[in-house]
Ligand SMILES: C[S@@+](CC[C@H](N)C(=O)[O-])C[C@H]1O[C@@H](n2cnc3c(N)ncnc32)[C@H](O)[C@@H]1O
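Form predicted on its own, single chain, as structure tokens, below.
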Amino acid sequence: MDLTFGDVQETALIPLAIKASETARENARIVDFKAKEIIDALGVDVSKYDPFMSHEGVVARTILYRDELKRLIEKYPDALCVNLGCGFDDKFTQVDNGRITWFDVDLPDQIEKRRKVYSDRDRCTMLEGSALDGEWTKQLPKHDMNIVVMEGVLEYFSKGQVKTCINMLCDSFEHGYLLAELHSPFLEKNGNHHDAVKHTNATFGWGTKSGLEYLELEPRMRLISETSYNEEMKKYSIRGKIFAIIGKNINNRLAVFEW
């Protein structure tokens, strides 16, 4: 693996470091050997990207996304799945049923770096594309059902960029689901205090109190469900239970939209 520290964006280091350290634990709640391989190959100290609350949040997020994807894939076993803004994420191996068609999509420079770590696999293909421009969708095969995953992407978008993105998805795919990570207005205003993101140059974009606010930007969508990461985090620690109470409306959420 010829990946270097400079190849990995700092915001991508956060989930990679957390997935790697969780994988190394004796009773790992999530297992991502590729993340561990990447972090080990970088050979640098990434502990500052792995504080307790962010660790628990990424573990919860990974579990919630995996379980929701599995539910949808069970319902639509031949779906076209797109991990949009994939970074180094490898959801395909978590949910593959032997039938889905999967595309890992990101900007050209990120796909170039991803190819240092991954190769295209049967039914799993890397593709250059932007969440703000649907030109890349013309390369995709037509499917009756499409499932788009956006984890750790929309939280860095402005309201205008979110609108551009979800309008593009509804224009490009006749029917589909969107699994989106949403964050609060509190985090939008106070992101510089986030225990892991504060170590990067990233800033949070448009925060919402409810996924219903997305429907004002794209009326073709319906909000199916919205789950706070607190629901998973509170299962594992006292600190998680306390945060679920005092930070009830602060934590990020997994929202599922349909159109």
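Start at 1 with the first residue shown and count on from there. Keep in mind that this is a model prediction, so the values were computed, not measured.
In what follows, reference is made to the form predicted in complex with the ligand, a form of this protein that is not presented.
* Of the listed stretches (106 to 114, 137 to 145, 182 to 190, 72 to 80), which one has a non-hydrogen atom within 4.5 Å of the ligand in the predicted bound form? -> Contact-bearing stretch, as computed: 106 to 114.
* Asked: Does each of M53, G57 and E232 have at least one heavy atom within 4.5 Å of the ligand in the predicted bound form?
  -> Checking in the predicted bound form: none of M53, G57 and E232 is within 4.5 Å of the ligand.
* Using the partner position in the predicted bound form, report whether L169 sits within 4.5 Å of the ligand, counting heavy atoms only. => Result no; L169 lies far from the ligand in the predicted bound form.
* Asked: S130: heavy atom within 4.5 Å of the ligand in the predicted bound form?
  -> S130: yes, in contact with the ligand in the predicted bound form.
* Asked: Hey, in the predicted bound form, is L178 touching the ligand, heavy atoms inside 4.5 Å?
  -> It does not: once the ligand is placed as it appears in the predicted bound form, L178 has no heavy atom within 4.5 Å of it.
* Using a 4.5 Å heavy atom cut-off, state whether N251 contacts the ligand in the predicted bound form. => Contact with the ligand, no.
* To do: With the ligand left out of view, choose which of V95, V153, M126, I100 has a non-hydrogen atom within 4.5 angstroms of it in the predicted bound form.
  => Checked against the cut-off, the match is V153.
* Interface residues of 17 to 34 toward the ligand, as seen in the predicted bound form [heavy atoms, 4.5 Å] -> Only K19 sits within 4.5 Å of the partner.
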